[in-house]
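One chain comes next, on its own, written as structure tokens: the form predicted alone.
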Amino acid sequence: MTAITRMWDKIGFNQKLAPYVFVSPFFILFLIFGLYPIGYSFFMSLFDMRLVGNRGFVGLANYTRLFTVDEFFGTAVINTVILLFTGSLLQHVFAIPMAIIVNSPRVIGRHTFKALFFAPFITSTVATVIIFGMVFDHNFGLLNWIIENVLGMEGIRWTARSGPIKATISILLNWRFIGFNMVIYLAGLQGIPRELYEAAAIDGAGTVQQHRMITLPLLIPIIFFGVSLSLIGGFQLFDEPFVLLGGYDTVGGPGQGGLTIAYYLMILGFKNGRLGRGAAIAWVLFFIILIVTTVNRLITNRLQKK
């Protein structure tokens, strides 16, 4: 009998309760810092709550306002969806082939390539965005210098128009996260037995056929995981446009080209002090993410059954 057990016996402690006592700190912290804030945010969304004072109960008015009279929410949703496809989901189109190439034992220095491709993900977001802002500056940026002096074309106002703003953010997101997704797929590839490829090669299957018939089907669970992370991160996109476009005051830049749902949430909640409306956006965003990840799960299940 251990010293702890003897101590519990002396104080008459019920040993059946011991496991619950030991795990209780986690649940207490989760209730205080997790569940309570979640519940209180929904409570806030039903009130005209502000940083200073509470203007009273409004029911679902904060939600209906978003879909009726709010002048920026629709734009934020459209921008977020566009950037989701061009900046978040597009990464996987490049990440899978890159993982296949780096996974090949015939590639010299493949471990170095892994580190180089993954490095942008662990680089500070603010530092990365500042550097990209300098490169894409429409007056003195390196990219416009190349376009004008090397290609002989007119420079692009990257952060001064709605379309180029989205292109800039998309390029930035792809540069930062393609390597991260490549590492995820690389881990999945290393779990596929080499014997399957050897058997396929004996049967006369070429490299493309092997990857189409073996690699992609066996990577479907990993693809679901990677795409789910991209969906969640894409709908929560905030840091990159916020830093690139100058914070709260620009409201997403010219034409609100970089205004995302999370960006607009922060503007309403913390710049304008409309906590109730900001909380409503947070819950709308939660249900959007819940729906798209569920659809992703259904599509994945359908593909796995084929």
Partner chain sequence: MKKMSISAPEAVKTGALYASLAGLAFVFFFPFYYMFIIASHPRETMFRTPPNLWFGGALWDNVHRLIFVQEQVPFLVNYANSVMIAVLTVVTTLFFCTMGGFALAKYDFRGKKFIFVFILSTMAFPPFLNIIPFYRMMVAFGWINRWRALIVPGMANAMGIFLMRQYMEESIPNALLDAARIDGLNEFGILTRVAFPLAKPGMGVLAIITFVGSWNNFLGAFILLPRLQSTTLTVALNTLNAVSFGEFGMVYAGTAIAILPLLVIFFLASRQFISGLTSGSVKG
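Numbering follows the first chain given and starts at 1. From a predicted model like this one, the values you see are computed outputs, not experimental measurements. Heads up, when I say rigid core I mean the largest set of C-alphas that superpose within 1.5 Å between the two forms.
Note that the form predicted together with its partner chain isn't included here; everything after this is about it.
- In the predicted complex, its partner chain sits beyond 4.5 Å of every heavy atom of Lys166.
- Its partner chain is not drawn, but in the predicted complex it has no heavy atom within 4.5 Å of Gly234.
- Its partner chain is not shown here, but in the predicted complex it comes within 4.5 Å of a heavy atom of Leu29.
- Contact check for Tyr36: a heavy atom falls within 4.5 Å of its partner chain in the predicted complex.
- Interface residues of 80 to 105, taken as those with a heavy atom within 4.5 Å of its partner chain in the predicted complex (partner not displayed): Met98, Ile101, Asn103, in sequence order.
- Once both forms are fitted on their core, a CA shift of 2 Å or more is seen for Phe26 between this form and the one not shown.
- Once both forms are fitted on their core, a CA shift of 2 Å or more is seen for Trp145 between this form and the one not shown.
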